[in-house]
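Next up: just one chain, as structure tokens, the form predicted on its own.
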């Protein structure tokens, strides 16, 4: 039996991240669940362990270079060197441009772009050494522009350029890099958006579903399934791509 591959999932404590951690564990990966909320990521990891999987919860601020290095060192020591990275950690600080603060811009860039850079950089050496690697960054349909999200849209578009460059640089070492761009997904983040604009989550989902060709909103498991494929051994000839998982065409 070949050595078990180790995956790091950032923002893994809830929503898409937690669903991805569960999916990769079922796919036979050892999974490091990384999140700023250490207690929450430890709970996700404990549940996976209770199901018979190898998993570890690691509290980590992905925008902090020292914290990322320490997290990857711990993962390497306790699970093995990570050769699969899912950069899912993200925040929103929505506002129209004239109301958006510099802090709102910088914090979104720090988590999405700096975080993906730091985590991928910390793991790429192990990938090159193993002659195998999978990097998946969570982009968004907002990468094409979305009112009130100049910071988030720019960050998500930036991640698409990031993976395309990684694909070119690391392909010769057996490393692929791709982005998954979700459409409307029912998560705590979209629930918070509904609350912010003053509508019930149920009405928010119903309205969103009417705008989606398949007639429903997405769920974290829909995104996890796409990530499961892109991180699989079989996906070695798919690299530098952006997969929109949005219930209809977005590009």
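Residue numbers count along the first chain shown, from 1. What you are looking at is a predicted structure, and each value in this text was computed from that prediction instead of being measured.
Although not depicted, the form predicted in complex with a small molecule is the subject of the following passage.
S.K.: If you check 43, 27, 222, 61 against the small molecule in the model of the complex, which one has a heavy atom within 4.5 Å?
M.R.: Exactly one residue meets the criterion: 61.
S.K.: Pick from 211, 203, 69, 188: which residue has any heavy atom within 4.5 angstroms of the small molecule in the model of the complex?
M.R.: The residue in contact is 188.
S.K.: Just one of 98 to 106, 169 to 177, 81 to 89, 121 to 129 has residues with a heavy atom within 4.5 Å of the small molecule in the model of the complex, so point it out.
M.R.: One stretch meets the cut-off, namely 81 to 89.
S.K.: Can any non-hydrogen atom of residue 15 be found within 4.5 angstroms of the small molecule in the model of the complex?
M.R.: Output for residue 15 is yes: heavy atoms within 4.5 Å of the small molecule.
S.K.: Within a 4.5 Å heavy atom cut-off, is residue 151 in contact with the small molecule in the model of the complex?
M.R.: So residue 151 does not count as contacting the small molecule.
S.K.: Give a yes or no for residue 156: in the model of the complex, does one of its heavy atoms lie within 4.5 Å of a heavy atom belonging to the small molecule?
M.R.: Residue 156 belongs to the contact set for the small molecule.
S.K.: Do residue 57 and the small molecule share at least one heavy atom pair within 4.5 Å in the model of the complex?
M.R.: No.
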